[in-house]
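Take a look at this single chain in structure tokens; it is the form predicted on its own.
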């Protein structure tokens, strides 16, 4: 394989990974953590959608517009429509520069889009929206937002709607995480090992079983992906033959094994619940010289004696 062919194959694998994340449409949930941030992967998907000619709308809540656009070239930035909720989310300044109606009205405005063609909507982030909106309201709006193509009857790939939602899973309990996970067609959980990032991807295709895939990657400064083979396996430690092994049975206050005499005494002992043949014969057939026992019963004055046969009614 020549170096140019290797580069082409690597580029093809990167495009296949990004395309697989966007192939199903609907909600793509990116779950990150403090250790493994997901905004870089979100921006990599935004770059992929912009280069494909899609209309890209960004609802920015956590960082400023300048910080979010940093790293994109002018060609990508010219294709991004940024809806700023970071500067003044509640419109307190009343300057007219912020979105009227707050975050909920901004989401509903995206739901009412009328222009045709594929569109990508990036939410940065769902965690911020969950802290400012009721969970049920946000989930209903997300469902409407991610199913616009089916509501209008456009099922062709050219009319797909991709909703990219960044979620900081350490900030929420199992309830909101489970509800948002059930809404997602593609769920990406970011983690890693030994300094390498990995993406565990869960695909939920209609009328099919969910499928899983794990990709190891790194993100370059221009938000391009570089696939990796994963970290090497950790070497298993081998015991040093020079170090003497310790016997765990030494220095015990009790014996784990019986000696020969102790085993003979144990085998010859008859336990109380064990009946030998001689003991059975002695109990069943007492000898002539053995004493026999009798039971004497003297009725009390208050005893209730019934003279009738208790089984007399059996003949009826």
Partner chain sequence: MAAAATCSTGTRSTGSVVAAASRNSVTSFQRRGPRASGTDSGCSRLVSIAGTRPSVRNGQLLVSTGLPALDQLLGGGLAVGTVLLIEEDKYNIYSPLLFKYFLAEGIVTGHTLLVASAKEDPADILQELPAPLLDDNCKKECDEDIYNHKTESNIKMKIAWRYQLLPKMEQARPVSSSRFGHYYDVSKRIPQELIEASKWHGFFLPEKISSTLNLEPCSLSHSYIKLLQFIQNIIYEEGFDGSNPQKKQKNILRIGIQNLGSPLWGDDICWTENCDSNHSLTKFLYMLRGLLRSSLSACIITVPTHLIQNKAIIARVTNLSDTVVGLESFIGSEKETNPLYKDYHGLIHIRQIPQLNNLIYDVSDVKDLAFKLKRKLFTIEWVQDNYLRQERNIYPPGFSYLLKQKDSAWGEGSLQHSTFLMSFLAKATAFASRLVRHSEPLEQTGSGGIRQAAGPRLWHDGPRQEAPGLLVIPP
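Fair warning: this is a prediction, and the values are worked out from it, not measured in the lab. Throughout, rigid core stands for the largest set of C-alpha atoms superposing within 1.5 Å between the two forms. Residue numbers count along the first chain shown, from 1.
The form predicted together with its partner chain exists for this protein as well; it is not shown, and the discussion that follows is about that form.
Among 260-268, 61-69, 38-46, 24-32, the region lying within 4.5 Å of its partner chain in the model of the complex by heavy atom distance = Every other range fails; the passing one is 260-268.
Sole residue of 140, 213, 77, 218 within 4.5 Å of its partner chain in the model of the complex, by heavy atom = After the contact test, the surviving option is 140.
key: The unique member of 227, 171, 81, 135 whose heavy atoms fall within 4.5 Å of its partner chain in the model of the complex   = Selected option: 135.
query = Hey, in the model of the complex, is residue 284 touching its partner chain, heavy atoms inside 4.5 Å?
reply = Outside the cut-off, so no.
task = Give a yes or no for residue 175: in the model of the complex, does one of its heavy atoms lie within 4.5 Å of a heavy atom belonging to its partner chain?
result = Taking the distances in the model of the complex, the answer for residue 175 is yes, it comes within 4.5 Å of its partner chain.
ask   = Can any non-hydrogen atom of residue 179 be found within 4.5 angstroms of its partner chain in the model of the complex?
value = Yes, residue 179 is a contact residue.
inquiry  = Quick check on residue 85: any heavy atom within 4.5 Å of its partner chain in the model of the complex?
reply    = Residue 85 lies outside the contact set for its partner chain.
key: its partner chain in the model of the complex - contacting residues of 197-224, heavy atom within 4.5 Å   = The stretch touches the partner through 202, 204, 207, 208, 209, 210.
message = How about residue 34 - superposed on the rigid core, does its CA move between this form and the one not shown by 2 Å or more?
response = Moves: no, less than 2 Å.
task = Answer yes if the Cα of residue 262 shifts by 2 angstroms or more between this form and the one not shown on a rigid-core superposition, and no otherwise.
result = Yes, shifts by 2 Å or more.
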